[in-house]
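To begin, one chain is listed below as C-alpha cells, in the form predicted on its own.
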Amino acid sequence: MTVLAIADHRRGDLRDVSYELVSAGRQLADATGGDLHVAVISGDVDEFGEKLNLDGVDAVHTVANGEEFNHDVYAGAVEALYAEVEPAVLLMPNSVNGLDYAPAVANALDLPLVSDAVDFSYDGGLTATREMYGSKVETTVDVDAERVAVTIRGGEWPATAGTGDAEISAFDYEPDGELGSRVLGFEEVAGGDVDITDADVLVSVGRGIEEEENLELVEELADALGATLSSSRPIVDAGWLPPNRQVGQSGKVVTPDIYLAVGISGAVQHVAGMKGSDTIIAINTDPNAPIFDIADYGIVGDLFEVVPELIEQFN
C-alpha cells in the first residue's frame, strides 16, 4: 500500500508536522509493506526536498510553483500527484494550510476524508482515532473504502530524523488557466510578536499563579532560563496574556525540548497541546494533579517558594 504525505512549510521553513507526517506515513506503509512518498509544493523545493530525504522515505516529489502557499496551486498539485502515485492513503497536515486544501482535494478525488487524526492502524482497512469534546472523548473511525484522505494533528507522532536514500525528483505541474486565488502578503495576527511553537524551552504558567501581578515572578524565571513564556487557557481568558501564548486544544500545539509547567493542573485540553514535548517538568502543590501523570520530572511544592529558588540557581 503506497502512502503519499504532503509536507507543510511557512515563510521558508519546513514545519515540524512535515517530519511527523513522515513518521505517520511510515507507520502505515510498514503495516502493509508499502512505500512512502513525500511531496513538497512551492517555496525552495530543492532545499526542502533534501531535508525530506529522511529515514523511511522511499521517494520525494518536489513541485516548484511560487514561494508561498496558494490554495489553487496546492489543490491542483496534490490532485496531479495523486493521479501519478496512486496512493491508498493521502496524508496531509491538520494545519491552517492543510485544512484549506484537504477538503477540496478529497471532494475532487471523491475520497472519504478523516480529519484531525491522532492515531491510526491498518488491518485490512484504515481505522483512525480522533478526539472530540475538547479531547475528553476518543472515537475510532473505520473507513469502508480502499482509498482515503487523512489529516493528522501536529505533535501526535514523533518527528522522523536521519538521512535516507530516497529518490528525489521534480514533478512538473502547472495550473490550468488563471488562478482563482493569490497571496497578497503575510501578516502576523495581533500580539504575534512571539511564536511559542518555535521555542526550544517554554515556561508555561497556569491558574496556580493566583494574581496577574504574580506573573512577573514566572517571567523572571523564563528570562533566567532563556525560555519563552506561555500559559494555559485560564490565564488568557483572564486577559493576563495574549491568545498567542496559549497552549492547548484551543490554543497552540507545542513540541519544545523542555516544557516547564508552573501551577498547571494538567487538564486534558492543555495536555493535548504539549504532550509532545521532549522533557516535561511540573511544579504543583497537588501531588495528584494530572500533570504529574505525563511529567518526566515533578516538584510537589508551592510555586511561590520553588520558583524564586530556581531563579536564584539559574542566575
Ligand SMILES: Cc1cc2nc3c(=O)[nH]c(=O)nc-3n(C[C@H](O)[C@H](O)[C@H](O)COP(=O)(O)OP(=O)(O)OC[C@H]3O[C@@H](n4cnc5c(N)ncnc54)[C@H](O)[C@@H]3O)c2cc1C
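From a predicted model like this one, the values you see are computed outputs, not experimental measurements. In case it trips you up, residue 1 is the first one in the sequence shown, and so on.
What follows is about the form predicted together with the ligand, which we do not show.
Judged against the ligand in the predicted complex with a 4.5 angstroms heavy atom cut-off, the residues Gly98, Ile152 and Arg153 are out of contact without exception. Partner contact region in the predicted complex: 201 to 209, out of 75 to 83, 103 to 111, 201 to 209, 162 to 170, criterion any non-hydrogen atom within 4.5 Å of the ligand.
Scanning Ser277, Asn70, Thr62, Gln246 against the ligand in the predicted complex with a 4.5 Å heavy atom cut-off leaves one residue, Gln246. Between the options Gly56, Gly251, Gly49, Gly34, the residue in contact with the ligand in the predicted complex by a heavy atom within 4.5 angstroms is Gly251. The shortest heavy atom separation between Ile264 and the ligand in the predicted complex is within 4.5 Å. Contact between Asp257 and the ligand in the predicted complex is not found at the 4.5 Å heavy atom cutoff. The shortest heavy atom separation between Arg147 and the ligand in the predicted complex exceeds 4.5 Å.
A residue is said to contact a partner when one of its heavy atoms sits within 4.5 Å of a partner heavy atom; Ala29 fails this definition for the ligand in the predicted complex, lying far away. Residues Gln269, His270, Ile283, Asn284, Thr285, Asp286, Ala289, Gly301, Asp302, Leu303, Phe304 are the ones in 268 to 306 with at least one heavy atom within 4.5 Å of the ligand in the predicted complex, listed in sequence order.
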